[in-house]
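Here's a solo chain for you in structure tokens, the form predicted alone.
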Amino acid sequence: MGRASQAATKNTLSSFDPQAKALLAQMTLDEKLGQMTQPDKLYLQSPDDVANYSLGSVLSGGDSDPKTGNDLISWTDMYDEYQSRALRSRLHIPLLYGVDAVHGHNNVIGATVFPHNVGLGCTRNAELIQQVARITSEEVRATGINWAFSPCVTVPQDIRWGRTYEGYSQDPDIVKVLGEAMVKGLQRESLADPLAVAACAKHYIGDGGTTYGSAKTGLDQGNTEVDEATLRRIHLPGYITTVNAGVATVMPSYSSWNGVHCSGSKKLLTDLLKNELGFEGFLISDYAAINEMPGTYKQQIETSINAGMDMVMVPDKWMEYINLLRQLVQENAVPMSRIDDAVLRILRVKCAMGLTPGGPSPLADRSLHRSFGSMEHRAVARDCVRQSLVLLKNENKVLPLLKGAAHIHVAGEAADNIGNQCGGWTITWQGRSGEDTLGTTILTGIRAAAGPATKVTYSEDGSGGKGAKIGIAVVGETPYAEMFGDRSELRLKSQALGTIARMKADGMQVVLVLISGRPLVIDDVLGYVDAVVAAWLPGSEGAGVADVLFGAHKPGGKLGYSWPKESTTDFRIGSPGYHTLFEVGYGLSY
């Protein structure tokens, strides 16, 4: 990182220091500790806790939704209720309200849901990703919320990891460009823009490099066992570019580096990120992440805060956290200078966003509801789908499909299933199959693209398609998130294989459309089907898949991950047991 870039980043947030320091000087110790605390709203006894404890932030975790439902009005009303309470605190400092908007405002029914990052990485299109981020920020701000825990700039090195789909690529050169674009889109030209949200680069650092077997589920929250040169070469570039872009917050990882939890490493949090890279925003811990470190809860707090953690995501034990941190300050185990530094960093971001006493109203701008999930926004998501698809095989030019074919048979559990095509982090934390949100299924898109002259039949298991010359099998993974997605087996399920076999038995040319959060082992069907399209987790706009199948748009996506052969015995990239079927950058077109 060059000196000029460092200076630009510092000036962006440090220019608010006079205002932030003036506010800091007015604060009691308890008010400072409140600013360093982020409970999950699910565990607040009452919305009044926000003012009574001078809380700096509240979040809605994976399934911490409004009591009245997941609709737009309920989310907006909930946000306004908590923010209005913050304005009643002694100093009237507004809240930063955090949410996992990782592929659109994905918690809210009717939001535009974009492809997950595994698909966006295949576009190689930074301008498009910035557009995605701008739409996401606008839809997040439509509910009032002002902080998105995005982008994920992880660099997954083992596709068995359940968070692989949150990474743009195994290649840090791709990740660093697209992560930077996402920050610029979310935060816009200025954090003071009423449509901007604070971005959060995560999960710092090496979360995608954990060793298989070092965690309970295999990889998630495990130990990254690499030397410092490798850590910097593979896992640091995305933080250099996002810090340069002025990212307001960074979230340290649950994972460890050579046995030391990232959430408690002064070398990583303070020496490398804050001092060497010049990061002047604030650090927010992951969900109850400090609880995973050694020692008592009090020792965990002491270690993490002294290492450089500024705000702690402490979903349920937040009162205990405040009390123990107060004790640590009183015992001089945590220096007052560390508390003041943490709170100054938090206030810098709030001042930059106009979240100050007497500043612009922090309540939701409900005029933004008009564009929430709009056709204009969905058109961009549909274009993302088109650009993210990777054509892996096209025997005898079966694709693009001709309009006006007499009969096309569509099959597979993911063909008519919004939940499956959106994946995890959609309405619920783990996501779920079924009609979870609004959008267009792939089957609906195929029927529209084929035209009224074509008979389009559908069955989940592949049966019932006799007479069709073309079969489209839409199969793959069902939704999951983080540790629940860790897998040792990456082959297609027997159900999917049976679906394809039935279609082939009926004499069809079969186009395999894969819905997945990572490459899957497909050797056993690759020679059996006529075309293969990796559609990843395309989100709410399934018509984008049909656009490519029927040639309205040529496939242009390039793999962000290498694709393993069936003979692979170790899915860690670079391992002698990893055998590649398709390399990073592979992708056919018409």
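In case it trips you up, residue 1 is the first one in the sequence shown, and so on. In this text the structure is predicted, and so the values were computed from the model without any measurement.
Same protein, other form: the form predicted together with a small molecule, not shown, and the subject of what follows.
- At a distance threshold of 4.5 angstroms between non-hydrogen atoms, Ile346 is out of contact with the small molecule in the model of the complex.
- Interface residue remark: Val532 is not counted as part of the site for the small molecule in the model of the complex, having no heavy atom within 4.5 Å.
- Using a 4.5 angstroms threshold between heavy atoms, Met251 counts as touching the small molecule in the model of the complex.
- In the model of the complex, the small molecule sits within 4.5 Å of a heavy atom of Tyr287.
- Just one of Tyr239, Phe149, Tyr480, Tyr82 comes within 4.5 Å of the small molecule in the model of the complex, counting any heavy atom, and that one is Phe149.
- This chain appears without its partner; in the model of the complex, the one residue of Met27, Ala51, Leu59, Leu33 with a heavy atom within 4.5 Å of the small molecule is Leu59.
- Within 4.5 Å of the small molecule in the model of the complex, a heavy atom is found for none of Phe114, Arg382 and Asp547.
- Heavy atoms within 4.5 Å of the small molecule in the model of the complex map, among the stretches 200 to 208, 435 to 443, 456 to 464, 130 to 138, onto 200 to 208 alone.
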